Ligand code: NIG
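Here's a solo chain for you in structure tokens, the form predicted on its own.
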């Protein structure tokens, strides 16, 4: 299918690598789309059907580089407990916490996980999220971690969203302890690599999760198998593992609410992407990551949701951008680049997504806003006029209509 989006005010970062200057190019042009790809961005009127996007702003589809889809079940009881002052230890004693979700996932079939995952991805898509990282991590044994990754593979065939699979087998320490569990994880990683079920391997290194020594050895083994690396770091406490993960070649280090200068310096040296997750800080009423300090140090910053059933059930990129601007001090331009191009690079999609330029997928949002400042000011998906996903019209609000070619 060939068509044009005409007369749009395009606001986009450019390139296929994470940037640290957060420059947004702004210009009015036509976007020529063929077979799901952007072919040209210029002033030419071609002999094809078109949308007249006069008065609208075009930005790239949002990229979410950190989610815990797929999962089943819910943990609303512990949300209410937390709102009344309970801590995580209290929640665990009451039968809640991550192991409640683990039990639900172990009981679920692949089809159950696919159905739930597609539901949540559909919600995200209505908010303009066109590329998503999906993690395992609620199985914690061979059978169920593989089951989650098989569900992610099935999901990727049933949605036109870009789906990037990540193995997070090291999400919580099981009763057998981390050393014995490491042997299980090695077998899982070997199977996953053989079947090409995941591109990334992730680890949760924090208080109550995996130790620094374990996490170093675990990521080193994953790297030896050819996986790309990610790490959950400094969400609850600081243990310095962000520096180690960066030295090991991690593509991104995520959370970083409690990071220190040595971690930031090492990430800047290696251009490791910092994936910041302000929705989780807001949901848990915890400290926000020092975004401006990280940015000023030359670390490329991305934004994601951390959507999951326990510590954050928000998924809106508009709310994420609001928090990034209002609570973390980022500019609207920095936040938009962080949730598009830099987020795409954080999950290996820099050459496919995250910007409006020739060669990229036609994942484009048309927004009915006067400027990008309006996005954090009025953080609702109702400002979306039209969503183009892989060159197809996903949603078309307020009767923006096709024009016959002229």
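Positions refer to the first chain, counted from 1. Nothing here was measured: the structure is a model prediction, and the numbers come from that model.
Beyond the structure shown, there is the form predicted in complex with N-(iminomethyl)-L-glutamic acid, which is absent from this document and is the topic of what follows.
Using a 4.5 Å cut-off to N-(iminomethyl)-L-glutamic acid in the predicted complex, not one of 130, 339 and 360 places a heavy atom inside that distance. The contact residue chosen from 280, 161, 215, 246 relative to N-(iminomethyl)-L-glutamic acid in the predicted complex is 280, the criterion being a non-hydrogen atom within 4.5 angstroms. Comment: N-(iminomethyl)-L-glutamic acid is not present in this chain, but in the predicted complex one of 91, 259, 98, 328 has a heavy atom within 4.5 Å of it, namely 98. With the partner left out here, N-(iminomethyl)-L-glutamic acid still marks one of 24-32, 347-355, 61-69, 377-385 in the predicted complex; by a 4.5 Å heavy atom cut-off that stretch is 61-69.
In the predicted complex, residue 311 approaches N-(iminomethyl)-L-glutamic acid with a heavy atom inside 4.5 Å.
Taking the partner from elsewhere, residue 228 is found to have every heavy atom lying beyond 4.5 Å of N-(iminomethyl)-L-glutamic acid in the predicted complex. Mapping the unseen interface onto this chain, residue 147 falls outside it, with no heavy atom inside 4.5 Å of N-(iminomethyl)-L-glutamic acid in the predicted complex. Not displayed here, N-(iminomethyl)-L-glutamic acid is approached by residue 204 to within 4.5 Å at the level of heavy atoms in the predicted complex. Of all the residues from 219-238, those having a non-hydrogen atom no more than 4.5 Å from N-(iminomethyl)-L-glutamic acid in the predicted complex are 232, 235.
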